[in-house]
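Just one chain follows, in the form predicted alone, and it is written as structure tokens.
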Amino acid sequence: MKVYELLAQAFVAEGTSDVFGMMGDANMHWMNALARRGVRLYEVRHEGSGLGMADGWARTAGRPGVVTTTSGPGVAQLATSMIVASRARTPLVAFCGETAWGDQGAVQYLDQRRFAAAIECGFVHVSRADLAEEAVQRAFYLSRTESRPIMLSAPIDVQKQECEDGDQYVPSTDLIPRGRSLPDPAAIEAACDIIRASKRVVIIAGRGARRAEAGEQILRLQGRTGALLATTLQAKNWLCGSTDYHVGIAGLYGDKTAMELLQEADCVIAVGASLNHYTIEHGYLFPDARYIQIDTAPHIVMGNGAVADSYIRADAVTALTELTRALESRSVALEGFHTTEVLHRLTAPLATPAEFHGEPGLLDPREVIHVLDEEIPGEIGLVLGSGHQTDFGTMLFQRSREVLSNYGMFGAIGQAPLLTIGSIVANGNRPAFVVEGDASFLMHLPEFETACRYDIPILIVVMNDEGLGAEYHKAGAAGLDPELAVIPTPELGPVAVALGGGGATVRTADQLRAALAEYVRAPRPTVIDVRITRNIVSIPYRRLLHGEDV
């Protein structure tokens, strides 16, 4: 058989079911070999978009996503999306074709090893036919164990060589130890001592806790310690329907009530959360707290530059189980925040209709989020992008649903719709919606046609202020001309229809409700262009730009 067939066979053995990318001379043989083996191929309009989709697929599926490009320029197109995936610590393998090995005069020649280093991904080279399977195994092993993207670079001349069908392929999963890691008993004892001496405990659950499905164990510990439950941005709304004492996001994106309550904490228990500077506000959010941190990483420095008072290295389920058992054996039980007064403060609405202030033909973005949360069922997942408009949804979405956020991942706009497409594919084509800005959406507009071509039921809600919203408000705060950030846009609803999907441009809450009802009734690729006012500044921007505590 040919090497490209052996490579395709190894990818299938690693569990590859979906591949996103763009075909070219240097990867077309491999793609054909995958198709013959039943792998679904999603041809995109831009290689970087394909990587964004593979990123969303991996974040949802919990295993490496796969993207493919041809040599040279195809690889170069990956740059922004690759750095995003790297900063998000997404396990991903990029099968990149390469010009004939050593032919530096080839039109599409690129030193792909050096380029991979520049865009923050690992690199594995298919240097010989007899090492092809080993290269695939290594790429997937590194991706899984280091939780990062890996470029697998395969020269086209090596791919076309004849080779023998090797011994039975050993997938990388067989090389990774299984089972749960037990925590150090001394660390558990130290954590118990901290909790027993505390009066106000806060548990912060992060993406790692959610991935570990440690919800039951978190709620048991919360009940015993009287803790407030907060989440990081990456775990937004997780478990909010399972406890009355859920305070929302900790840090910059928390509301005023959350800020006030969290400052009373004298003990913070972080579960699968890095406690970066956003989450703990550089330490100012928890001025008098001692920290207990549970994570599988060997060591973590928090956003205040310090390390936890008790660091428990173990998986979340095992560590929480052992910690709760130790507290029970010591008869430690705290009332903490679980009081009627705290409950009353937590149940006050974040925003009421009386606060909404639109303009003629333009909606208040807070009202838009209120309507979206009401009208879109909880079983439909949400993806949040980046930019000023995203802050409204980041803070105000309250319904319990699966949430994937790309905020803070390199600060690249335009990625969220791509992540959503990949996430939907990983979820068996289950509908999901994304809230994105107009400039962000238009950056990768052609990929809406990709969603239409494959009948991917994505709903894209464009919060359209006809400009670069973040720059508009930052410019105003800096004494610059904000009008330079204004960019008029055509009506995007008809554009979506022209590309083969559903679409509407809405300027009132009733129009928005009608458009949402149509999507919920029969999900299909849809764009709702929601025209919003630029006069409303989000709470995080009011804090950062104007020093307002709201």
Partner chain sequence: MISIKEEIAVPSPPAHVWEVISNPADVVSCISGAELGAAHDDGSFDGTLVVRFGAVRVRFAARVILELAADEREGRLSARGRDGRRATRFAADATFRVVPGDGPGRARVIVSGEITITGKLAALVESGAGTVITRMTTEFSDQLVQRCAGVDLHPARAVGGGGQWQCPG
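Please read these numbers as outputs of a predicted model, since none were measured by experiment. Numbering follows the first chain given and starts at 1.
Below, we refer to the form predicted in complex with the partner chain, which is not included among the displayed structures.
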{"property": "Answer option from T243, N427, S147, Q263, heavy atom within 4.5 Å of the partner chain in the predicted complex", "result": "Q263"}
{"property": "Contact assignment for the partner chain in the predicted complex, among L252, A439, A135, A116, heavy atom within 4.5 Å", "result": "L252"}
{"property": "Contact stretch among 209 to 217, 470 to 478, 317 to 325, 120 to 128 - heavy atom within 4.5 Å of the partner chain in the predicted complex", "result": "470 to 478"}
{"property": "Contact of M1 with the partner chain in the predicted complex (heavy atom, 4.5 Å)", "result": "no"}
{"property": "G223, heavy atom within 4.5 angstroms of the partner chain in the predicted complex", "result": "no"}
{"property": "The partner chain contact at K160 in the predicted complex, heavy atom, 4.5 Å", "result": "no"}
{"property": "Contact flag, H282 vs the partner chain in the predicted complex, heavy atom cut 4.5 Å", "result": "yes"}
{"property": "Interface residues of 373 to 405 toward the partner chain, as seen in the predicted complex [heavy atoms, 4.5 Å]", "result": "G387, D391"}
